[in-house]
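Just so you know, structure 1 and structure 2 below are the same protein chain in two forms, each on its own as structure tokens.
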Structure 1
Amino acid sequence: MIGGLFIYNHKGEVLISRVYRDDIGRNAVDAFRVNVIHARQQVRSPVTNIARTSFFHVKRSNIWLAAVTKQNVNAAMVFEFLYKMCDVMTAYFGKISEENIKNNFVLIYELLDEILDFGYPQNSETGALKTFITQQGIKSQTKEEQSQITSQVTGQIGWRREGIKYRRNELFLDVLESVNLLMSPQGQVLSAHVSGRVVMKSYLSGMPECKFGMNDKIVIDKQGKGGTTDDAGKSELGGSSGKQSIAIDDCTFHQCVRLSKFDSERSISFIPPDGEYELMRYRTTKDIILPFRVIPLVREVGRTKLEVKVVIKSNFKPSLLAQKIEVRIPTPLNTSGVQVICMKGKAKYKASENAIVWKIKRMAGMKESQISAEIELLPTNDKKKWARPPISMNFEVPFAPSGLKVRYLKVFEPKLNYSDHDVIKWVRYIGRSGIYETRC
């Protein structure tokens, strides 16, 4: 189990130090600083073993979070906890920065007491935590409330308290996807996958029972065979491109989802936490819609000149608009000057990053744009050839590149008198680029 938890700033100074077990000494704090933060070579592995002690770290902007243990723990669990810890802190005081941590250290210690007990992770649900750890000092609690807290911490539904009431029952659903691609210069897909998340924000009264449906291939096929179309058409909430069903490679759910039901009926039903949470995560690798195609053309003219031409083509419905498009074209290390001409957007040679960065604010579907650059090189006596790193791209599109569609989200609250129709539901799809690269 986790023996201790430390938070460092970028200089390696300790901001928060909480030791849960005796086997972690004070010197562990220094060991991590010396061997990871101040290491000569950048430490890439998130798990470091120093003197029979394991350090698991994540970095948020300039802040290092490190969990320390001497035991053989489940590393995935530790990282899950660290991410949760980040989420909780973000929920309490916004961005994780040195300043914020320094201003909230009492709160952080209080949180650490609550979410880790003798190194065992406890309830880390923000909604639940917020009921008894408050920033606004001591809040007097009635006896009733106190007993509720006990039942909540120990009870079955730890992520939602009872007696929530809203005048307007509202529900926001975001499908956030990031698409990753590696393509050969000839346009052959070398690897591609989409990792997605379904994030919900619910403002619902009482203890509602929800049911979520999407175009999962297994469900669709089963229904197709059964002949019962159910009310699929009726509860279709939105979507962009026409694809019947998608094959999900793997998925994970929030703790509120009843896994037994998912296993038996493949249906996702749950009592949602209040506020914002991540309902599920998934990954697909088949039939991915690649929003952009990059066509590079690099020509070496003698020893001192390089001509680069890059064409990008958008590959989605013309009615949709892609945003925040950025193409990054690496330049050789001995570049001494660059001239760029582009049809659209802005392009600039960034010496500090050894790349030409081409930015386009918006671009509609089924369009094409082009950039051409002349790179002047300084002759060097080095025999090494330029490795030609791939051209990478960033963008944001308003659809799910995996093809996922939300079919329905039903809300039942038998105790209170509001029905599924009274709930206002919002659905949004956002596809972002992950590592989206084309070799040149």
Structure 2
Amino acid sequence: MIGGLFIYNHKGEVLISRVYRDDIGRNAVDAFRVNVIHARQQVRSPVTNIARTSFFHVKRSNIWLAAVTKQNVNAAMVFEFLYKMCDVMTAYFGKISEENIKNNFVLIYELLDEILDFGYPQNSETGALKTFITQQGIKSQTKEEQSQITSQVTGQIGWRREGIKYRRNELFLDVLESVNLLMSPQGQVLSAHVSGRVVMKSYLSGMPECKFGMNDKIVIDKQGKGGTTDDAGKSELGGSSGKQSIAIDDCTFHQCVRLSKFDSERSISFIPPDGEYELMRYRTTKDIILPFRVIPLVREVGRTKLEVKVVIKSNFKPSLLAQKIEVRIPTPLNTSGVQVICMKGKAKYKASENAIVWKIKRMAGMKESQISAEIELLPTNDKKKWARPPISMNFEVPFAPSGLKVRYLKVFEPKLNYSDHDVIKWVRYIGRSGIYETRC
């Protein structure tokens, strides 16, 4: 049977060595290196006899596998074992190379312990071996994998694979904004800002390049009074402001955006990832459209009664509808009962939350509605006055409170047979309340 197994590299260096019988010494390793690997003439025979020792060898790329024996063994069986050994190693760590063998030498010794027992071949089926040798082999990266990693590190197109195809090319763009407000009882804006996101879903074939334009103040100022030529693809779905431009305080982009073009031309040019992603985030603090104005009136009638009147006014186009409107009017801790009258929607006192919750399903623009409440209080020895927490409001409107508008959204794909006009584009604006409060 097999007395030893050696794996050499192209220089004749031993990478794996396992001796199963005492009649195989160290000199057998050197004999194979000198007479086969470094032989002056090409060795054509897969079996070489040197000093009454037989060497059965196979070569995979620049790796030699040699089985050594001094006995008269079945040559076909030995070669069957060597080829099976190659198949097992390929199944565990891919290509048989010097680097892979060095990275997986512990795994190879484990496999040899299972496949060979005192030089006798045992179970060499890969499926059976993987049930009790569950260690994953370490695979070296191919040139293609290395170039892909390099392209990702160097900022090339690592977020989109090639060969994507769709029967219908579509592009969805959502402008999602959250408006935050703190207003005084007299109607003075104490602080206001809008946090926005541009979320896209792209289902485009090939490697298209997209250009996205908005009414950024710097862009409009550059173009001057002459207008633009990029308005052909614009969509103003519910943009309620008559403003021509907005001032963006700060913004961050997805890695696909070419920042150099944005800095020089203020144009957002990018090769989009496939599926849903967040293209950019931004923040504005100037010229914000406040969708609602809350006018509170609180009057104390003695020490056991409060009269509250709250008027809400919508400040956007009459053709638009706000939804999911909720106004929370705080009440004192010693409230014993509440009587509520509202013109529209439903209102309810929630004792567990110390608040009157007023809900309206829908409300058109340039409308107003009001609620009146009588709050009865329990007598208390606490001399501290009620702190009057602010009235908070939640809502959703179909426009961008910052005034942002999508001026154009263009798609270019030079390699495939479709143009910008073949792409179906959808643009949607959604404005929601963040922390929207009015002091009372």
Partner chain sequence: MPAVSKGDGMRGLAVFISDIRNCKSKEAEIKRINKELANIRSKFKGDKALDGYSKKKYVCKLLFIFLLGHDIDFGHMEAVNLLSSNKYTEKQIGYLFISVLVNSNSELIRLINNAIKNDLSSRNPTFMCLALHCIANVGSREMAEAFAGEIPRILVAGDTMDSVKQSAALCLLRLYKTSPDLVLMGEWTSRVVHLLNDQHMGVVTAAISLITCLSQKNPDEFKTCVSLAVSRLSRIVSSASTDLQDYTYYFVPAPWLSCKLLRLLQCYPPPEDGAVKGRLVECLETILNKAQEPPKSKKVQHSNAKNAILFEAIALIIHYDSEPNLLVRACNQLGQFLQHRETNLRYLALESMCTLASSEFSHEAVKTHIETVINALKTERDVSVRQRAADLLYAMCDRSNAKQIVAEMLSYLETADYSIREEMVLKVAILAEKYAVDYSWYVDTILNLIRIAGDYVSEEVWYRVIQIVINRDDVQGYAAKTVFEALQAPACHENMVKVGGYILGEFGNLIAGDPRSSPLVQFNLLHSKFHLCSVPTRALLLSAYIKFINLFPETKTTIQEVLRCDSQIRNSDVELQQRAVEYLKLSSIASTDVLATVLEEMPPFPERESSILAKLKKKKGPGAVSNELEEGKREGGELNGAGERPGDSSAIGASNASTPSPSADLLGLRSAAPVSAAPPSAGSLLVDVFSEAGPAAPAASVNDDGFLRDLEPPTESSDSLLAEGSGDSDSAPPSVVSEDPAPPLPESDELLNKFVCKNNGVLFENQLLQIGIKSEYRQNLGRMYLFYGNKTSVQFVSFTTTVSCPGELQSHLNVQLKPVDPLVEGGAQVQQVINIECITDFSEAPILNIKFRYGGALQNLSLKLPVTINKFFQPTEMASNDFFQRWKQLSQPQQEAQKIFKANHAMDTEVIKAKLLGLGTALLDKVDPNPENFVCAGVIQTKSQQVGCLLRLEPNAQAQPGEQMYRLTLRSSKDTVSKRLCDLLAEQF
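Numbering for residues begins at 1 and runs along the sequence of structure 1. Please read all numbers here as calculations on a predicted model, not as lab measurements. Here, rigid core means the biggest group of C-alpha atoms that superpose within 1.5 Å across both forms.
Comparing the two isolated copies of the chain, the second one is the form predicted alone. After superposition on the rigid core, the Cα atom of Glu99 is displaced by 2 Å or more between structure 1 and structure 2. The Cα shift for His10 between structure 1 and structure 2, taken after rigid core superposition, is 2 angstroms or larger. When the rigid core is held fixed, the Cα atom of His57 travels 2 angstroms or more between structure 1 and structure 2. Once the two forms are overlaid on the core, Ile115 shows a Cα shift of 36.6 Å between structure 1 and structure 2.
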